[in-house]
Ligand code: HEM
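Take a look at this single chain, the form predicted on its own, given in structure tokens.
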Amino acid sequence: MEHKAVSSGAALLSALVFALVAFVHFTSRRNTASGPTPPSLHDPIPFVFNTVQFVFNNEKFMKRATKALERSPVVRFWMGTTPVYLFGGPKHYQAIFASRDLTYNGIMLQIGFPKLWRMTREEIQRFANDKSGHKETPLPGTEHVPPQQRYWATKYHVLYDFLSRKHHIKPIVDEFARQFSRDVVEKFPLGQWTTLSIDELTRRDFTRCAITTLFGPKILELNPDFLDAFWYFDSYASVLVYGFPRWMYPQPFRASDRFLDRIEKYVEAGLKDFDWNGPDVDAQWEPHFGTRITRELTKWLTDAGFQRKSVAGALGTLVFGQNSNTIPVVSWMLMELNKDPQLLSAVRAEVADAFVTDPLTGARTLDTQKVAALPLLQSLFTEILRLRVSMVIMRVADRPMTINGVDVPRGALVHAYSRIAQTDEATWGSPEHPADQFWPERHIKYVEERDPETGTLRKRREFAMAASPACFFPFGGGVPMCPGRHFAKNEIFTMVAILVDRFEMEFVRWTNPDGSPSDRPAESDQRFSGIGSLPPDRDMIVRWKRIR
């Protein structure tokens, strides 16, 4: 995997440029806050050190931030020329997610649209000029805004409706289950043991199936190297999002160009070949664009006059958000199951209840909605998200405001870090199972019930979050919570359920990325700290045998 690192020379040049810009900017800036100023995170090179470490060594930055928050619930630092207020603790997390004065729109205008969607300044300005809000009804005073210029509302509608509503999700997940069974599971001979790599299986076979479900088969037919372009982009994504301009550090932008060029080719073919007046215009899945979300997003941006690069950027962000987060989670789930035969047996027994057998044909199909509600599988999934996701929650203060007594000036960034919240010992730990250790039943409670046939008491598992949801935000929080979280969960549960039902599995060994034997199990790859799911830094070799 490509390492997201900048050379020492480039880092030094970047630091000097930032120092000069920051000094000029800061000397002209005044703090208008009237309340007490939070303690500052130590910055050996003012305005520069914390910025560079946050972008290029986020793991060390997180460790420093964690120690700082142990001394104060709020600390301040600078990202270049912008002040950042870092909050910790449930009370502050709740205030951030509930605040109407902290917006995610500013993050999209500053980072999401220019760096991921690759919009032009004119296109970004269209969103900046739209003050009508994201809801169906415009905000008071903006009722005059034409529907076609309500960009935030349309974006919200397209993403959340087609990725969050059950009647849109279920057909997609069912299509994924069909493709996964056909293209992944059934390629393994029945009754024959196969030795394989979890990393290779998830990053190639699983990702291919996930992408052809989301985009349809055309994306890989037109671009046989699309998976390589995707994972190359993934290796640079955090530096692209949080890093420096193209002239200062071009590699992330080159990776983005390579990735988006292939999606542009796919968009052009889809717009040319799809019959927009035909029977598939409202289909939940069809072979040209795949899912309806892909088709609707393409149509909206194209009809609104956005450049092809921006359309590709929107679709690229969609597929990046899907796979860069779900694939590592699936890898961790499979690794934990193969490490622990008792856990594997328990999950297999639980999953069996989610399969339905046709009385006429004998065919077994997975009830994708039932499997998503299984308590042990939910606890396993939640525990992996708790330990293996590192998200930086960012908001922009639209106006001067106060958060639980702390004054935040207009334009400042407000941060909350999922990794810190989700590994806090006082919140998540127990005497037998510290918060920094994996425990698959951390989110299970046992309820006694009487067997209706025998009358004997038995214990039944129920899923119950081990701590306040305010301290668990792997998908973000508030209004901009990840719209694809429900689809991601269903897709992950579908993969795991089908695999444990149809395969016997055995752990063989741990290996290093180069294939050599490893002297330790996998740990989180901290190069991806702050951007989402942390993939394993080691591979697991397993033996599988298909039994159905």
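Start at 1 and count along the sequence shown; that's the residue number. It should be emphasised that the depicted structure is a prediction, and the values quoted were computed from it without experimental measurement.
There is another form of the same protein, the form predicted together with the named molecule; it is not shown, and what comes next is about it.
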Exercise. Go through 226-234, 354-362, 453-461, 153-161 and give me the stretch that gets within 4.5 Å of the named molecule in the predicted bound form, heavy atoms only.
Key: 153-161
Practice problem: Select from the listed residues 474, 440, 243, 290 the one whose heavy atoms reach within 4.5 Å of the named molecule in the predicted bound form. | Solution: 474
Quiz item: Of these, 500, 68, 522, 482, which has a heavy atom no more than 4.5 Å from the named molecule in the predicted bound form?
Solution: 482
Quiz item: Contact between residue 326 and the named molecule in the predicted bound form at 4.5 Å, heavy atoms?
Solution: yes
Quiz item: Should residue 409 be classed as touching the named molecule in the predicted bound form when contacts are defined as heavy atoms within 4.5 Å?
Solution: no
Quiz item: Taking the shortest heavy atom distance, is residue 262 within 4.5 Å of the named molecule in the predicted bound form?
Solution: no
Quiz item: Heavy atom to heavy atom, is residue 56 within 4.5 Å of the named molecule in the predicted bound form?
Solution: no
Quiz prompt | Residues within stretch 306-320 having a non-hydrogen atom within 4.5 Å of the named molecule in the predicted bound form | solution = 318
